[in-house]
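Shown next as structure tokens: one chain only, the form predicted on its own.
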Amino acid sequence: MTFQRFLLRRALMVIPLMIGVVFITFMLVRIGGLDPVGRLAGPTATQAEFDSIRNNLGLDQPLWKQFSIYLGNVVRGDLGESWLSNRSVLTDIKERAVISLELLFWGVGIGALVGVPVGLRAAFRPNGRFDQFTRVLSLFGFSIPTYWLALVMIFVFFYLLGWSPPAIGRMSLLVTPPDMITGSYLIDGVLTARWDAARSAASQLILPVICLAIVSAAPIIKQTRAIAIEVLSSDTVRYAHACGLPERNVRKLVLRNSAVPILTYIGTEVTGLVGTMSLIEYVFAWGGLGQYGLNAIISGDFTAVQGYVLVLAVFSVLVFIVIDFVVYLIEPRSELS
């Protein structure tokens, strides 16, 4: 199968998947029990004002008609207007997407750089001291609540030790943000030679990145260890040992045969961490897409929730397409299906 045919098949799969995501999200936010009309009208509103707001929002229409109108708007690139911010949902998402991607890139990147080598080393010496230590460490990362970890790190490193700045966003209030180029204060500070802004942005990144790295590294360690142990017990590796290959060559063989499933798992981990990251963003007042979606859910902003979930679905699809492409580069003989 050619790679062009693979891309075509993935594109054809995306269309019904996106329609399904839009439909499920549309129905869930409407049967969730949150009514934005009461929040918008206020406690002193009359029944006529309630009816007027409901009519303006289109909530007096049957569900099937509301969905058809919303689906048509999505196809045109219109995700609606936030009922609380009175701004376009697409504009809000564009402004916050880079902010979350920056945190996700550093957190998952560091988590993978730590988790994969640690998991491989534990697999090469199973049941040893290092293996037992990493299993306890990964269990700790699995078990600890994300928001609690973030709060403890703020308490220890900011309040007790004074090593980190306060959790008040992406930059100190005493520093003027650099000119907007990419949306990342760290990168924009470097590109514009605003070293004070770059230092402030880097210092604000440390704690949330460490939190996300811990949360991401724990499952990566566990899964890498399990994959490598399975490869070590395969006929290929046993044959390599029987042929008397040096241990270094055997480990390279294990790494190569483990690369595809490890990479696939990391892609799955990236899509799953987007939801977890919303708690970290909320605690650190990060202002990214995760915090935006969480605030929308809490406030009952249906339009913003629908746009947020739709963007996450599109992001997940893109991640898996990229992973499939990288797998094809690593192992061209693999069947793209």
Partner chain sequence: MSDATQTELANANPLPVRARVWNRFAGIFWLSPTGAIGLFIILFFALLAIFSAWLIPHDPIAAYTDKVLHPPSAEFWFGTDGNGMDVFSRVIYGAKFGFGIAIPAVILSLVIGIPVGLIAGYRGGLLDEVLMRFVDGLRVFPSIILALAVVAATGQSLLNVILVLGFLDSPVFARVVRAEVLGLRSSNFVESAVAAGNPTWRILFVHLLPNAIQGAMAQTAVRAAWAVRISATLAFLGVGIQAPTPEWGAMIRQGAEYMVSGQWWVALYPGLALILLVFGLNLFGDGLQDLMDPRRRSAK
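Predicted model only: the values in this text are computed from it and were never measured. Positions refer to the first chain, counted from 1.
Missing here is the form predicted in complex with the partner chain; even so, the following discussion is about that form.
(message) Whether residue 67 contacts the partner chain in the predicted bound form should be assessed with a 4.5 Å heavy atom distance threshold; does it?
(response) Residue 67: no, not in contact with the partner chain in the predicted bound form.
(message) in the predicted bound form, is there a heavy atom of the partner chain that lies within 4.5 Å of any heavy atom of residue 113, even though the partner is absent here?
(response) Although the partner chain is absent here, residue 113 would stay clear of it in the predicted bound form, with no heavy atoms inside 4.5 Å.
(request) Verify the contact flag for residue 126: yes if a non-hydrogen atom of it lies within 4.5 Å of a non-hydrogen atom of the partner chain in the predicted bound form, no if not. (result) Judged by the heavy-atom cut-off of 4.5 Å, residue 126 is in contact with the partner chain in the predicted bound form.
(message) When the contact criterion is heavy atoms within 4.5 Å, does residue 157 count as touching the partner chain in the predicted bound form?
(response) Taking the distances in the predicted bound form, the answer for residue 157 is no, it never comes within 4.5 Å of the partner chain.
(message) Counting only non-hydrogen atoms and a 4.5 Å threshold, tell me whether 93, 172 and 190 all contact the partner chain in the predicted bound form.
(response) Not one of the three qualifies.
(request) Could you tell me which stretch in 144-152, 70-78, 240-248, 191-199 has residues with non-hydrogen atoms within 4.5 Å of the partner chain in the predicted bound form? (result) Going through the listed ranges, the match is 144-152.
(request) Work out which of 14, 326, 319, 21 lies within 4.5 Å of the partner chain in the predicted bound form, going by heavy atoms. (result) Contact check passes for 21.
(request) Identify which of 253, 98, 263, 229 has a heavy atom within 4.5 Å of the partner chain in the predicted bound form; exactly one of them does. (result) After the contact test, the surviving option is 229.
(message) Going through 123-142, which residues have a heavy atom within 4.5 Å of the partner chain in the predicted bound form? Please give them in sequence order.
(response) Those in contact are 126, 127, 135, 136, 139, 140, 142.
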